[in-house]
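A lone chain, given as structure tokens: the form predicted alone.
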């Protein structure tokens, strides 16, 4: 544990945010992606959908072997079945989404001008249920994650395309997420950026730190760690982006926020915008 704290402290002192406080989202996006192009020359924007395996050649071959027989296949099959189940009133999830919910993942999350809120895919799945007289599903895992993963899989290959419209409320959400990403927290005094912007490709203990670019492209994701923790069903290894956000907060010894909190919605909005142009690849295997 002392070694982990020392390693975390070493990371914490590394500066180098590619963003500036008052830059526009468009300027941020350009500088953010240029940071990774410079740090990992030869790695294409498209390849960042593979997460840490885009920058860790040693681990990539074994990961690709796992992907030949992906452990999440059954979860996607179940997700499609759940998606097509009829509610008590005879409607389905397809009635709630544009294009019947197919091929739309790349546009999430988005700013809703009517409510002034950020809409995530998981949030709208539960909104759909409630609008049709059904109880909402448990956040982060299980049936909700499976439905979201199936819907995301129908967008495989489509490039993330999140917009920050010309609305001060949208920009406020964006800046809230940006501030969260670069703010230090927890007993280890680390920000998200300390690991995933300043130090991608470096190791902390046995783990290689992944680049932030592309993070949202493969969620919900299947983690072997989660599967080992809950092997009671075929959905045990599947989790949403907000599940991962909570885990990261715990790792720096900070209290996590609830899934679909304003903090995590803003963070998802900012981080996905920063990954615009990276293709969707749901769901993928991670450690």
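Numbering follows the first chain given and starts at 1. This is a predicted model, so every value here is computed, not measured.
Unshown form predicted together with a small molecule; subsequent notes refer to it.
Novice: For the small molecule, considered in the model of the complex: do all three of 107, 128 and 140 come within 4.5 Å of it, counting heavy atoms only?
Specialist: No, none of the three is in contact.
Novice: Please pick, from 78, 210, 154, 92, the one residue with any non-hydrogen atom lying within 4.5 angstroms of the small molecule in the model of the complex.
Specialist: Flagged contact: 210.
Novice: Answer with one of 29, 227, 52, 45: the residue that has a non-hydrogen atom within 4.5 Å of the small molecule in the model of the complex.
Specialist: Selected option: 52.
Novice: Could you confirm whether residue 244 comes within 4.5 Å of the small molecule in the model of the complex, counting heavy atoms only?
Specialist: Flag for residue 244 set to yes.
Novice: How about residue 111: is it within 4.5 Å of the small molecule in the model of the complex, going by heavy atoms?
Specialist: The answer is no: residue 111 has no heavy atom within 4.5 Å of the small molecule.
Novice: At 4.5 Å between heavy atoms, is residue 173 in contact with the small molecule in the model of the complex?
Specialist: No, no contact at 4.5 Å.
Novice: Residue 160 near the small molecule in the model of the complex, any heavy atom under 4.5 Å?
Specialist: Contact check for residue 160: no, nothing within 4.5 Å of the small molecule in the model of the complex.
Novice: Given that the partner is absent here, state which listed stretch (92 to 100, 160 to 168, 175 to 183, 119 to 127) has heavy atoms within 4.5 Å of the small molecule in the model of the complex.
Specialist: Stretch 175 to 183 is the one.
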